[in-house]
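Below you'll find only one chain, the form predicted on its own, shown as structure tokens.
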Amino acid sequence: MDSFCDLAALAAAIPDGATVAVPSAPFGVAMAATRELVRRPARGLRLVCVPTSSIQADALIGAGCVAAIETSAVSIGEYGTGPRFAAAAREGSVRILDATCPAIHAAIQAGMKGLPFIPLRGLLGSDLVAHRPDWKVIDNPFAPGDPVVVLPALRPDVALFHAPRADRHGNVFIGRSRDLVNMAQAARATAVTVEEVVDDDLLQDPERAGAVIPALYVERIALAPRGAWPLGLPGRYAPDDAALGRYAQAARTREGFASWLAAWLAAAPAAERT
């Protein structure tokens, strides 16, 4: 039980300036913990979106918590690009490292395997290579004259996500999202919010053990029912499309975002219990 804490303590364990890996919607976005990061307020975070993000990254950027973001996209689904992300891109207020979904997945896999870098051929010929000095084009060592792009491994300071349940031993059931396993194994620490805590040892269940992250990889767990709201959690609840639409509309302007943020910080706990 040493890994269990409340939401404020979980957020407090993510230091300013940390590189934080976050998953795509709807596979386990820790929105309740995000609210606590904003409330703290966190500063200078470097987000690594695996491989995209939504309202989580957009709200953190709008609240001034983010110094840099590596992502393939920040999108509020059918409502389009995240408004505060787009504003930060126009203003240059946040460093944006443009990537592709395969590139981020590959770099995370290198991190989880302890490799310094990983090759990825599909980036050749794209403009991204010219804008990412940390990506290098080298010769295939087994076939000189055959170029390949190599990417530095991603080893985030913290992997932050939401999951259906944990047991009292600190094991976390994640369902079918393998991205969360990769994130937890690549990161130096993992912080997880969960819908529920169960007494059973999840690793002893042969039908579910393959979808469990062992406690070895998890430093912090906080109970947060409906902790992905207004995003969804597969098998538990759907995204709140009306709430996402209200966010997308409000966040078009700095003033509208500030109004939304104040209401979210004040009302989110009640909304998540509905």
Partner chain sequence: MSASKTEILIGAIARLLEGSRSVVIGNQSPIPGSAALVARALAGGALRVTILGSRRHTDFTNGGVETFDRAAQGRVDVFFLGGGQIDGAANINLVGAGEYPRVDVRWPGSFGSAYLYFVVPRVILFREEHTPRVFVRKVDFVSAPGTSPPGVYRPGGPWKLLTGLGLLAFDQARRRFALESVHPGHTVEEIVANTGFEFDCPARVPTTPEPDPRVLALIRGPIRDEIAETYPKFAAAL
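Numbering follows the first chain given and starts at 1. Owing to the predicted nature of the structure, the values given are computational and were not obtained by experimental measurement.
Form predicted together with the partner chain: not shown, discussed below.
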Look up in the predicted bound form whether residue 249 has a non-hydrogen atom within 4.5 angstroms of the partner chain, and give yes or no. no
Is there a heavy atom of residue 157 lying 4.5 Å or less from a heavy atom of the partner chain in the predicted bound form? no
Just checking whether residue 75 would be counted as a contact of the partner chain in the predicted bound form - the rule being heavy atoms within 4.5 angstroms. yes
Does at least one non-hydrogen atom of residue 179 fall within 4.5 angstroms of the partner chain in the predicted bound form? yes
In this chain shown alone, the residue from 150, 86, 203, 189 with a heavy atom within 4.5 Å of the partner chain in the predicted bound form is 86
Report yes if all three of 92, 96 and 120 come within 4.5 Å of the partner chain in the predicted bound form by some heavy atom, otherwise no. yes
Output the sequence-ordered list of residues from 95 to 118 with at least one heavy atom within 4.5 Å of the partner chain in the predicted bound form. 96, 98, 99, 100, 101, 102, 105, 109
